[in-house]
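A single chain, nothing else alongside it, follows as structure tokens in the form predicted alone.
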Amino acid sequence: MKTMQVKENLNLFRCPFCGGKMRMVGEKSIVCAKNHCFDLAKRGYVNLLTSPAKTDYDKEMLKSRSIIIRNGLFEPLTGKLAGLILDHAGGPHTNVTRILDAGCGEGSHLARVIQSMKGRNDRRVTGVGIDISKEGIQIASREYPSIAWCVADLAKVPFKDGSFDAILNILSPANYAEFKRLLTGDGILIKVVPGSKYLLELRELFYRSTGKEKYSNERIVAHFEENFNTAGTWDILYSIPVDKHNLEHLIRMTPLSWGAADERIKEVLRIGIPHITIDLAVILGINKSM
């Protein structure tokens, strides 16, 4: 049973019901002092939801996302995130950098960031990924067994205060109160949000003349700045070729397709697009109390 990563990081966990310390019971369960019990899956992840959760991110969407990321769609982003963590996270008091990917999906971003960090300094890296999607965590635990994966809700993250040196929040909803609680005193938050040209070609083809083809991240950025001090912002803008096979996965993986008419999706798949624009804003944040 692949329970090693949960075991090794059990000191970070707290019960999502009562906040109590967790301990391992046998090889299959973690339990708190009040006997709230959570079983580990055969693949090694643990489901720490306190009630059933509904998500629009289904298995096919997550598989497509994994394929697209493996094919290098976000490679420039991966390198930037790894560099920021190496430069800004983890103080001299420890030889370990602990990273939480909050809203990790099927785990590809966190796995690739950690891989990019390897060999670039002598610090050990511990990765933990959480997502409300059980299907996403199942894929992550199968593909990347060296990382601890948990099904969990951002509203009640099952880890102790000050557990992480860095939190990644990549194209995902945020819970800034929880992020502040979870970070060490000198910890950093890295949020990635779409820029105005993100997947521009799909926006224009799906939503031409509807007003939805335009996008602004101003509201999201303003909300970030209300909660964290911004220590730096970087724009990542590039174009990457897309063949017809990857175009199908690209369309399937993005919520942009959810509101598009079926006829337009079929038309885009038929005619294809030569390239896709990736436009991302990377925001580095530190606690306002710092």
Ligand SMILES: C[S@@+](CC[C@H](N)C(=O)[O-])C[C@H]1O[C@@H](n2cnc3c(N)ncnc32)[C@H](O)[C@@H]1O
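All residue numbers refer to positions in the sequence shown, first residue = 1. Remember, predicted model here, so these are calculated numbers, not experimental data.
Below, we refer to the form predicted in complex with this ligand, which is not included among the displayed structures.
- Interface residue remark: residue 187 is not counted as part of the site for this ligand in the predicted complex, having no heavy atom within 4.5 Å.
- At a distance threshold of 4.5 angstroms between non-hydrogen atoms, residue 55 is in contact with this ligand in the predicted complex.
- Looking at residue 104, you'd find a heavy atom of it within 4.5 angstroms of this ligand in the predicted complex.
- The shortest heavy atom separation between residue 171 and this ligand in the predicted complex is within 4.5 Å.
- Stretch 62-70 is the contacting one of 36-44, 229-237, 62-70, 22-30, since its residues have non-hydrogen atoms within 4.5 Å of this ligand in the predicted complex.
- With the partner omitted from this view, the residue of 152, 128, 139, 202 that lies near this ligand in the predicted complex is 152 [heavy atom within 4.5 Å].
- Taking a 4.5 Å heavy atom cutoff to this ligand in the predicted complex, the contact residue among 97, 163, 78, 133 is 133.
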